[in-house]
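Look below for two forms of one protein chain, each set out as structure tokens: first structure 1, then structure 2.
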Structure 1
């Protein structure tokens, strides 16, 4: 395990070393699959001594988890704050802000979505996003059909992640503003419309 230090009192040199190692790993994963990367490659790119790596991490898996967890915590906090907005007119803004955030963290999400070695992380992201959207899916379950809260929130989470993946593969075009409109129409409005249609058929 990495050595534990108080977040307040952590040595700036330790923070700098960990940042160099994380940045080096990100750059390498953008060029090749994570499974083929070695600790030596990471330390050489970071210009850090090989033995220094083991003062902070036990393995590259642990370093990767730290890289992803750091970004995922920010994403979850970001989406959770946006999901608290109940005004339907804010949904385009919610979508725009999500994609603006993805734009800022593009390298992180390219890693998350491109490497088969981090499938477990992708599942974790879907699960976390799904949990965040569960509260807003409560009205859908009340419409009286077979669509449960878990089913609807999982659909939204996987759809959002797929849309993010498509956007990154297309060089982040169209703009976050346009993606906000797509998010509202393709994911939120379509989900609500589909559930409403099922309710009408059930009646």
Structure 2
């Protein structure tokens, strides 16, 4: 296993090999089911020796994680930045920007959602998005108890993922502008409204 972190300068051969492996995996996932992909296939497509795979990764899962983390970090900072400016009047715009971003990176998202086969990844994504909304969605903090808030942010995260999945399967048919309205209405406003009504009953 070549060293990776200590010196900031990574051997260009290592960089190249890892890029080849990541790209090969991406191409394969877009063509077939992740579960049916073998290490041999990846190394052949990447045109590196079979054993070279093991010199960088322990399993295909780990390689997949790296691929997704690459894009996921980017997505998260993007969504987080959008959520930070949670001006209620601009929620529709926030939604539009999310779906425009997805439109750009459609390939990555198809892979990410296909890879829900690997349940851990879905949970990680849900957990990340959930935390973001829990921190930034101001109205939720005031209303309701902790359990309700956990439930609500989990609801927002999973609903958003499902909506994205549905949208990609429908070939991104309603435009991002329309989806922005849907996002505001179906995901955010709905949830905030439900939490407040649930909390009102609790009092």
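Residue numbers count along the first chain shown, from 1. What you see is a predicted model; the values in this text were computed from it and never measured. Just so we're on the same page, rigid core means the largest C-alpha set that superposes within 1.5 Å between forms.
Shown second, as structure 2, is the form predicted together with the DNA. The Cα position of residue 167 differs by less than 2 Å between the two structures after fitting on the rigid core. After superposing the rigid core, the C-alpha of residue 48 moves by 2 Å or more between the two structures. Remark: with the core as the superposition reference, the CA shift of residue 158 between the two structures stays below 2 Å. Core fit done between the two structures; CA of residue 19 shifted by 3.6 Å. After superposition on the rigid core, the Cα atom of residue 58 is displaced by 4.4 Å between the two structures.
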